[in-house]
Ligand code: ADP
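Only one chain is included here, represented as structure tokens and corresponding to the form predicted on its own.
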């Protein structure tokens, strides 16, 4: 396994000789050091991608698809090798890491087939001597920037669609968790990806981001990360009128109606909330239980949180790993402290575990008496904190759920069909899960609205993001 940058088919160190340690968040020890470059590496990768793009686009969708299917096969074949790499660098338990790698394989398999369906169309012309055609063509060179919380799935979601469409790629993973992306590129090389078609650079985010923005050879940037960086990219993209896709996170509400089985609802809620230790963009973040079942739901939730096992994701039986960085844990602590100062009650958790002296651990936490003045009510905590509040009516629930500038994901749990329809129509989010708190899948579109960004990934919509529309009017 090569833990290096890939530029024009070659595994390389950073041009400036830089390197950066990758830290195990469960032990705070160094796993390895990887190249850590800058804009020079990015420009070299962009040039390679631009040279390779015409030949890659001219290959048939069937030829590109065969290579992507091979990559999917290799991922599934190597799961037991790949999963520990992810667990060590980002902390999630092995079972979650296996699940993420399988989901990455699903994406490559999906787009290997979906690339064959980049249909154009013939338009009946109003004049007999004309023929009107609509063609779909690859955008060109695509630069991707991905976050640390899903270090294989997020790159796979972008790369598989872009490659299937005939684009070439320069990927930048998070500098916190670069090893999974590097492992994925290793498999693409083994699958036979031509030199320059897939490139990977790791290094200074600002320098590489500026290279992506300033190079006229980059036709599109796809970004998953913070709102602050998304705003920087939007401003920078304006100069070159560069295409963007932004997935900027959210603050997802869950409405739990009084017709549900409370024990089942609590089980699903805890599993979804504490998946990847709450470090999930579409993670349920604000829980609202209808007044009639509020106390029962709170107790059922408390019992299930108490049963979670905190520790290194490599240990058998562990359900909840560490946060990925010390800064991430400090952010969670600040959210809980702010809530307590403003009147929230900690039902369980609320501090660092005394039994775990090393690692960026924080106890899974349940809060009540939450009000709109608290940061946790309106901002993304991105950690293992579950605030639960009551609501009265459907209208009251929708009002509280929609009281956010974010619009990525929203959820509801109900056994009433009329309620389900009214809720999925009323929630103002790009993704809505009804009795499904883990809705992301390769065959479904993923994307937000409002301040959660724009653009879709996955499904047919994800392929279209990497295709330009060309209209041909031909006189006969």
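Residue numbers count along the first chain shown, from 1. Bear in mind the structure is a predicted one, so any value in this text is a computation, not a measurement.
Omitted here: the form predicted together with the named molecule. The next part is about that form.
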Worksheet item: Taking 4.5 angstroms as the cut-off for heavy atoms, does residue 148 touch the named molecule in the predicted bound form?
Response: yes
Worksheet item: For residue 174, is any heavy atom within 4.5 Å of the named molecule in the predicted bound form, or not?
Response: yes
Worksheet item: Can residue 271 be called a contact residue for the named molecule in the predicted bound form at 4.5 Å between heavy atoms?
Response: no
Discussion item. Can you tell me if residue 126 lies within 4.5 angstroms of the named molecule in the predicted bound form, counting non-hydrogen atoms only?
Written reply: no
Worksheet item: Just one of 371, 81, 102, 226 has a heavy atom within 4.5 angstroms of the named molecule in the predicted bound form, so which one?
Response: 226
Item to complete: Work out which of 259, 392, 299, 206 lies within 4.5 Å of the named molecule in the predicted bound form, going by heavy atoms.
Response: 206
Practice prompt. Could you tell me which of 206-214, 285-293, 87-95, 358-366 sits within 4.5 Å of the named molecule in the predicted bound form, going by non-hydrogen atoms?
Written response: 206-214
